[in-house]
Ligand code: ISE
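One chain follows as structure tokens, the form predicted alone.
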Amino acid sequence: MSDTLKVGVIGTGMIGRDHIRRLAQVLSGVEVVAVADIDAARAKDAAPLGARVYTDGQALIDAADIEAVVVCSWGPAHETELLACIAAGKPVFCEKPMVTSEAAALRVIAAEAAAGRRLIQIGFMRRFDADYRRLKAVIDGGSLGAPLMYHSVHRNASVPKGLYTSEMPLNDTLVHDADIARFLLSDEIAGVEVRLPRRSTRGKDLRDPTFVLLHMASGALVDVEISVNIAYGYDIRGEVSCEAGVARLPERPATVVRDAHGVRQAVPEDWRERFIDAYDQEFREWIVAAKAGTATGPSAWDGYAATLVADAALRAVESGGLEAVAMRDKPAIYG
């Protein structure tokens, strides 16, 4: 493999375009040589100068000069594309959700385990955010004692009308909060409860806001507030309560203004502004691993765990009770 990783990107929607920009214009040691999308015009518009355009993801994966693949297509297509990458022995970065069902997740895990090495990294970018990494360092350092509770807030200013269903806060948004809870607390989620307060009058067709309670295997509790129509901005918060103190994420951006109008602080407009550095860092680390023919960071096992939590949350909405999360035994490659 050369010093420059030759990458193909499948899916040229909003996140795909942002990753193409990142790989082609921001990061070093990588070249986007091909893109694929079922919409040929959209693919052509997103492709960097000189990159080939495909309308078939399989053809891109099969191309001899493609050394690694970035999957940004819609969720139901991920299983087929991940299995094809594993069969081709090509490292693959896959945006969340990894897949859309437990059965699909288990098929992907079985294929990767049979290959005998990790090839998949899932796009849980919060693990690469400097603030979250510092918070984890405090927890792991033990100075505050064992973590007892974690409070997670995930607020969007708005979501595209007609494209965001009532299930998406649980099967699309919650996965980030569930994954970061597992990461920060070094713990698994054993059960899920969901409570639905009165609906916001903004976006009456949405199930918004949503309150989720994650029961960790250790006995710690994680509460997650999901609001997708909060109006004022993209607001991500986290605070852990431990035996001997608390630690929380800082407000971003950190600059505080004081003037004749009072004290104020800007709020990010969207996920790209809040996590731009985390997205860059996750790809830096993925590029290094992909050049070595492997993957690090969030694994297919982590994608499987998030899928189980989302499924349990959807069941909890219907049952009104605590829904168990039962994980299979972890294959050795995810040690």
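Predicted model only: the values in this text are computed from it and were never measured. Note that residue numbering follows the sequence shown and begins at 1.
In what follows, reference is made to the form predicted together with the named molecule, a form of this protein that is not presented.
Comment: 172-180 is the region of 260-268, 211-219, 172-180, 113-121 lying near the named molecule in the model of the complex, near meaning a non-hydrogen atom within 4.5 Å. Among residues of the shown chain, N156 is one whose heavy atoms approach the named molecule to within 4.5 Å in the model of the complex. The named molecule in the model of the complex comes within 4.5 Å of no heavy atom belonging to K136.
The named molecule is not drawn, but in the model of the complex it has no heavy atom within 4.5 Å of L185.
Interface residue remark: M125 is counted as part of the site for the named molecule in the model of the complex, having a heavy atom within 4.5 Å. Between the options K96, R252, K90, R207, the residue in contact with the named molecule in the model of the complex by a heavy atom within 4.5 angstroms is K96. Contacts of stretch 219-247 with the named molecule in the model of the complex, defined by any heavy atom lying within 4.5 Å, are made by Y234 alone.
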